[in-house]
Ligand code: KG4
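Heads up, the chain below is alone and in the form predicted alone; it's given as structure tokens.
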Amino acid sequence: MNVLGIETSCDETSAAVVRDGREVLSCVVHTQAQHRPFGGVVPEIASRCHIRLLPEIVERAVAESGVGWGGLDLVAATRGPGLASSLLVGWSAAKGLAMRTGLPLRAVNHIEAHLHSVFLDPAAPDPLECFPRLGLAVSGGHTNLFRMPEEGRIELVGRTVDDAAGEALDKAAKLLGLGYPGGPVVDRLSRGRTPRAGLFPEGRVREGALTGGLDPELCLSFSGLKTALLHRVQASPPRDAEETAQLACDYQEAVVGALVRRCERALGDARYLAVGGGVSLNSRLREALGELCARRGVRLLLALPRHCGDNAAMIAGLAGTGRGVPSPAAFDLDVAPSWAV
């Protein structure tokens, strides 16, 4: 099955063609740079950019796949979660393409697609054999833990109650004057440095907090961590680039430590840990998760770097496994900015 996927949930405009849920025949991604002066994504600018770029990107993805329009079997797109105005562009385009070509349509959940992205690596095992598994979706907009005991079952067991991990790293970079997006810069400056232990709080979630009935021990909070950095910078601003880099390293270690500890608590009998999302590209997080999995005898599944950020290959890939809302019901759906897995 050759699936055309479309992804416009935030500021990446992407289209891809994936065969049988695993083989990426093409994937075109445009990351919008015009948000940098604002220190974050401006929804109106993002949606206008999607409108302008998406037609050409879809054409390129189909052409580069080598199968042509006649070789497609399905159209899939992100329905949510994400920015409403951005989602509308991709979801409307997918509906129009499906109607025009007569192909079936499938609505895909963006977070679940991130968890599938690990299987776009040709060296990854068969997803039907990777159970029980724990999934960590960690990005600029989402930080969620899922247990997947068997095929077709996915259960949310933990999440952030405020900032996502990627957002926490971006905000730290802004406070330190490192620009936007800040996560990659913080990662680069931290490499080769030894973090100072206990400089920043872990950010525990108290009983009775807004966890949606989830175990607080498996949930995360990064707002207090961000505030601790703010107070530290205000009280004692870093004097030079060296002190700034060390502070970034210390802060990153607190974020990574919180993520790894929640994963360890949630592992249970899981034999696999699948990690997707833009923050999964962070080198320290990959190292720490590798250490955890080696210690627990669990296989770590990580997406290829090109599939860590928002991309349409993960959308087409997940749709190719049969997940998502299929036609004809999909045609009656609107976007769902808060669509939960």
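The shown structure was predicted, so the numbers you read here are calculated from the model rather than taken from an experiment. Numbers follow the displayed sequence, beginning with 1.
We do not show the form predicted in complex with the ligand, though everything after this point is about it.
- Only one segment in the set 236-244, 138-146, 121-129, 259-267 has residues whose heavy atoms sit within 4.5 Å of the ligand in the predicted bound form; it is 138-146.
- Out of the listed residues 80, 203, 158, 166, 166 is the one that sits within 4.5 Å of the ligand in the predicted bound form by at least one heavy atom.
- Using a 4.5 Å cut-off to the ligand in the predicted bound form, each of 182, 187 and 282 places a heavy atom inside that distance.
- Taking non-hydrogen atoms only, residue 106 never approaches the ligand to within 4.5 angstroms in the predicted bound form.
- For residue 114, a non-hydrogen atom is located within 4.5 Å of the ligand in the predicted bound form, even though that partner is not displayed.
- Although the partner is absent from this view, residue 133 stays clear of the ligand in the predicted bound form, with no non-hydrogen atom inside 4.5 angstroms.
- Looking at residue 301, you'd find every heavy atom of it more than 4.5 angstroms from the ligand in the predicted bound form.
- Contacts between stretch 78-99 and the ligand, counted in the predicted bound form as any heavy atom lying within 4.5 Å, involve no residue at all.
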